[in-house]
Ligand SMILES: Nc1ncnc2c1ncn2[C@@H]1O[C@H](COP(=O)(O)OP(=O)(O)O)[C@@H](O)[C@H]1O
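The form predicted on its own is given below as one chain in structure tokens.
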């Protein structure tokens, strides 16, 4: 089973990338499970027809309230099959003001593992959509505990998104050295904010500086926005569009890419700023 994690700055569009990637992989014939690791539990909305599915931690808390434990949870109550055939899970989060969201993600992943969810559904590819512009220990758990083997960073041409991706690369560097062999950075995906000239220039260099690859450019277009509004993946809602071809190409590239690296992040903020400014000045 391939285990792929999508990280990036909050609001950068990780769930857009993850859900459209899952749908494209499903179309290619793979059995896919997408696990949303975010308390907002909206990762799988595009796959579930626009609705928010119940979260693992909500179900877990319901069991605790009636004096039961995690072993009373059934897979049917936390794993939902989308109309397109993708298995969807939302980790959820703690009650507001109580507990650690990152630890909650680990609890949810552990429940899936204990219930043998991946074996039961014969999953080929697991996609983890992880909240992670600040990679605290909790949100690094999918990497640390060996759930995520291949990490893809999502960023745009905005400096702060590249800054966040660089910070996440620092965490991946640290954890890759301690995790099982093969865990590491697999590539950079651009989810465009509209400044395509800058993005086509600066992001490939950023990927090169990390020692990784620039995998795919996803444009900012009305088609993708319309599909999100309708709660549908692009390959399902607009299968003949240029954008559907982009996500199919992304899925193909990821399945063909078996290479991960221990990234080499830019540790000096001034150096990161200089790299960005050089490309900004070329416009």
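Residue numbers count along the first chain shown, from 1. For clarity, every value in this text was computed on a predicted model and none was experimentally measured.
A second form of this protein, the form predicted together with the ligand, is not displayed here; the remarks below concern that form.
Residue 61 falls outside the set of residues with a heavy atom inside 4.5 Å of the ligand in the predicted bound form. A residue is said to contact a partner when one of its heavy atoms sits within 4.5 Å of a partner heavy atom; residue 236 fails this definition for the ligand in the predicted bound form, lying far away. Although the partner is absent from this view, residue 228 contacts the ligand in the predicted bound form, with a non-hydrogen atom inside 4.5 angstroms. Within 4.5 Å of some heavy atom of the ligand in the predicted bound form lies at least one heavy atom of residue 12.
This chain appears without its partner; in the predicted bound form, the one residue of 244, 55, 254, 218 with a heavy atom within 4.5 Å of the ligand is 218.
Screening 191, 107, 166, 183 for any heavy atom within 4.5 Å of the ligand in the predicted bound form leaves a single hit, 191.
In plain terms, the part of the chain that comes close to the ligand in the predicted bound form, with a heavy atom within 4.5 Å, is 219-227 out of 24-32, 219-227, 65-73, 47-55.
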